[in-house]
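This document starts with one chain, in the form predicted alone, laid out as structure tokens.
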């Protein structure tokens, strides 16, 4: 079945390799990576530090070019960034001189009309629970709130996929747990496709329908697991604990 024939298929990574070159030598970051992601799926990519998780996400986003192989999004070859794929990084990267509202709408200026920008911005902020903070500045926000603004800014592009690069790694445990629940709620409300890179196995199990385990450098897809647990996930069940142990053992 071709990409065009399978209407549910959103992302296809085909035989992707990535080598970085420098004055002191070369590093093979990815080797023959193959994966697929369907529309509306929540997928997590886990693996040991340095296995190429972020590099793979950046290639899907079009921020990096593969050294070999191809990436398709809705059947079209990815040749650069696009508004159909929005990236949220580890740090919020907000403009300190702009309000929450202006940060959220920044990428829409000159692209949409003022009325459209206002509507999209308010809808995006409402989805992340920050509509009452739209006039606040980044220095007035907590870490979790700042990351929610970053997610709202990504949603404002009305993308078909959200690509998240360890977005909660800098947060304290309590805030991280709350943000995970909010992300599940956001995903269920919007039916967006989400691809999450995380080093936290438990986070991947709490959030994902599917987990892709990467092998150590050079990274490749070692195993794909369908997660059978209903939402919200109970982390104290024996099945959850056993699956967490299995993934931890297979990451090395």
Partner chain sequence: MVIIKLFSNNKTINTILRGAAFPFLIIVLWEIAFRLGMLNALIVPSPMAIGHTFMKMLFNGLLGKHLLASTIRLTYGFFISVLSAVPLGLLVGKAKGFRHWVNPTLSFLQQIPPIAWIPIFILWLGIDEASKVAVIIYAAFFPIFLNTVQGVTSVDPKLVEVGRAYMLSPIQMIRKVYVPSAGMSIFVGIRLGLSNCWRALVMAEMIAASTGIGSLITEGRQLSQPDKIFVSILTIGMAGLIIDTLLKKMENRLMPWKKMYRSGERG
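As the structure is a prediction and not an experimental result, all values here were calculated from the model. Residue numbers count along the first chain shown, from 1.
Below, we turn to the form predicted in complex with the partner chain, even though it does not appear here.
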item	value
Whether 130, 178 and 185 all lie within 4.5 angstroms of the partner chain in the model of the complex by heavy atom	no
The unique member of 141, 171, 71, 120 whose heavy atoms fall within 4.5 Å of the partner chain in the model of the complex	141
Heavy atom within 4.5 Å of the partner chain in the model of the complex - residue from 224, 48, 27, 63	63
Interface segment, criterion being heavy atoms within 4.5 Å of the partner chain in the model of the complex, picked from 55 to 63, 189 to 197, 207 to 215, 34 to 42	55 to 63
Distance check, residue 91 to the partner chain in the model of the complex, heavy atom within 4.5 Å	yes
Heavy atom of residue 76 within 4.5 Å of the partner chain in the model of the complex	no
Residue contact check: residue 153 to the partner chain in the model of the complex, 4.5 Å heavy atom	yes
Contact label in the model of the complex: residue 164 to the partner chain, heavy atom within 4.5 Å	no
Any residue of 105 to 126 that, in the model of the complex, places a heavy atom within 4.5 Å of the partner chain	106, 107, 109
